[in-house]
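Have a look below at one chain only, the form predicted on its own, in C-alpha cells format.
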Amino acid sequence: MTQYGKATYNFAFRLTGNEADARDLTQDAFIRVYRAWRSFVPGTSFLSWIYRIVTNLHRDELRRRKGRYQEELPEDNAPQEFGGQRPLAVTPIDDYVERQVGEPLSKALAQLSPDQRQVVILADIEEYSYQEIADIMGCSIGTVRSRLHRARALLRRLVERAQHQER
C-alpha cells in the first residue's frame, strides 16, 4: 500500500473523476489484492496487476450504476476548506492538469467513454506499452491499438471544437 497506493489512487481518480469514488475503488482494489495475493505471479508487474483489478472493479460499478439517476449535489454542499492542506485528489491530478494538459483537454477527456478514457490514460499519461495495456484491460493488442486510435481522434476533435467555441 505504501509503495503503490498513490499510483493506484491516481489511476482510480482518472477513471472515476471524483475523490470519493477513487478512494472507494482504491480501497476495494487493495482488499482484493489481500484476498488474492496467492494468485499474483512473482516476476510480473504488481502495478499492472492492481490496475487490472481497479479496471474490473470500475467496470462492475459502471454496470451497477447503468440506468440509475445521478443527481448533482446542490451548491451548499461544496467542498469545505481543508485547514491549509489540499485533499489527496487535488495534488496529483489538478496540478498535472494545470501544468500540462489545460482546460479544453481535461474537459474533452471527461467526454470520452470509460474504455476510451482508460486507454488514453494508460498510454499517454501512464506511458504503458500496448502489451501492458492489453493485460490491464483484458483485451488484445489490436483492440488496444484501435481503441487508442479512435480515442485520440475523438479527443482531437473535442479539443478543436472547444478551442473554436472559446474564440
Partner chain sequence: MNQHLTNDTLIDYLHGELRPQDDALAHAHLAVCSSCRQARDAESGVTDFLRAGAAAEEQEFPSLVAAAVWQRIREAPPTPLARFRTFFRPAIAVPLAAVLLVGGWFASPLGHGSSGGARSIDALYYFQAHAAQSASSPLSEHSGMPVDETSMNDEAGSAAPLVDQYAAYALSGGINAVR
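Just so you know, these numbers come straight off a predicted model, no measurement behind them. Numbering follows the first chain given and starts at 1.
One more form of this protein, predicted together with the partner chain, exists but is not displayed; see below.
With a 4.5 Å cutoff on heavy atoms, S113 does not count as touching the partner chain in the predicted complex; it lies far away. In the predicted complex, at least one heavy atom of R35 sits within 4.5 Å of a heavy atom of the partner chain. For the chain shown alone, L15 is not a contact residue for the partner chain in the predicted complex, no non-hydrogen atom being within 4.5 angstroms. In the predicted complex, E127 approaches the partner chain with a heavy atom inside 4.5 Å.
The candidate spot formed by R23, F30 and L148 is fully in contact with the partner chain in the predicted complex: every one of the three has a heavy atom within 4.5 Å. Residues L148, H149, R152, L155, R156, V159 of 146-165 are found to place at least one heavy atom within 4.5 Å of the partner chain in the predicted complex.
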